[in-house]
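Next up: just one chain, as structure tokens, the form predicted alone.
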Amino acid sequence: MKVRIKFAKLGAMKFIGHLDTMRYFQKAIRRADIPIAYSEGFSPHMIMSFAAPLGVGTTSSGEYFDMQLAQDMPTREIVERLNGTMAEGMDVLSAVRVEDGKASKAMSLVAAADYRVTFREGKEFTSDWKEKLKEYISQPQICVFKKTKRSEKTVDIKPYIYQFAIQGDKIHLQLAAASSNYTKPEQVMDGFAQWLGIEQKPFSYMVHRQEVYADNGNEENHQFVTLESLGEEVE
């Protein structure tokens, strides 16, 4: 039985890196006595994979990982057992069974993600940042400097900004999240500061990832669905 877990990472837990988050859940699964399956060979390991790494310092209410169980188990019980072992700031939100096939490969499914960005008090880029941000996003091209493991280059990220809205003092961004076009909200905001020609104050804004999506459509007609919706609860 393959199970997809959705969890939130809040508060001080945002400072825990991706590898430590993986180790945290491995220990939590043992403490919760979840019958997870192990790989074969001389060095068996838990069969589990995370959908999309979350940057250190970013909170989230839409993180996912898949795990293979050695035996069937009610999904509600999985949630209850895991939450019984969670530290403050880490909460399991749901568990669903996913069938073998395309829907069961969380890491390769990731296509987009929703983010909420808010400025820290007194660290707004300009007093009229809302109007300026709308102007910045409305450009036909938004070129930012991007570093990769092999090179440094200028990339147009405008095609990878799927949604943009300002809701009160919050900025909503839906960005591409596949490995080939992964776009960070920090790239959008840092590029905005450069476009304004200002020297950005350290820790000017906070980022919260709200959800992660798969794409049931194509590049011309996206049909985003949550990774959670590709599974079903088991009684």
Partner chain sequence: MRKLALNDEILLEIESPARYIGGEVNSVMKDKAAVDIRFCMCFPDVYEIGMSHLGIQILYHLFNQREDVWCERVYSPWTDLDAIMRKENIPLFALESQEPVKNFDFLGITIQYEMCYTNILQILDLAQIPLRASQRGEEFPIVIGGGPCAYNPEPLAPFFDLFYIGEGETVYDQLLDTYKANRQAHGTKADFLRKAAQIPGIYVPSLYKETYNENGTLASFSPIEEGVPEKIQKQVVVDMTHSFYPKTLVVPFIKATQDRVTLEIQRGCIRGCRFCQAGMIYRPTREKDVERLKECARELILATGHEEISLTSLSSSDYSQLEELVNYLIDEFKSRGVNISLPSLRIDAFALDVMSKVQDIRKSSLTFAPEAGSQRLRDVINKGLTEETILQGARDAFLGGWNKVKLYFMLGLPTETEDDMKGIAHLAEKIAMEYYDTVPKEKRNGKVQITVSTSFFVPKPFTPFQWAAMYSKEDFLGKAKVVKEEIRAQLNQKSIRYNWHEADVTILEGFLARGDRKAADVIETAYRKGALYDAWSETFHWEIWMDAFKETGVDLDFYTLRERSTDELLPWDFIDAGVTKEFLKKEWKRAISEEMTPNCRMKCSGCGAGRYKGGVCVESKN
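Residue numbers count along the first chain shown, from 1. Being a predicted model, the structure only gives us computed values, none of them experimental.
Another form exists, predicted in complex with its partner chain; not displayed. Remarks below refer to it.
- When contacts are defined as a non-hydrogen atom within 4.5 Å, none of Glu124, Ile166 and Gly191 contacts its partner chain in the predicted complex.
- Only one of Asp100, Glu88, Asp72, Glu131 lies close to its partner chain in the predicted complex, with a heavy atom inside 4.5 Å, and it is Glu88.
- Using a 4.5 angstroms threshold between heavy atoms, Lys14 counts as touching its partner chain in the predicted complex.
- Put simply, Gln26 is close to its partner chain in the predicted complex: some heavy atom of it is within 4.5 Å.
- Although the partner is absent from this view, Lys170 stays clear of its partner chain in the predicted complex, with no non-hydrogen atom inside 4.5 angstroms.
- Taking the partner from elsewhere, Asp20 is found to have a heavy atom lying within 4.5 Å of its partner chain in the predicted complex.
- Proximity to its partner chain in the predicted complex, taken as heavy atoms within 4.5 Å, picks out 28 to 36 from the listed stretches 61 to 69, 177 to 185, 28 to 36, 191 to 199.
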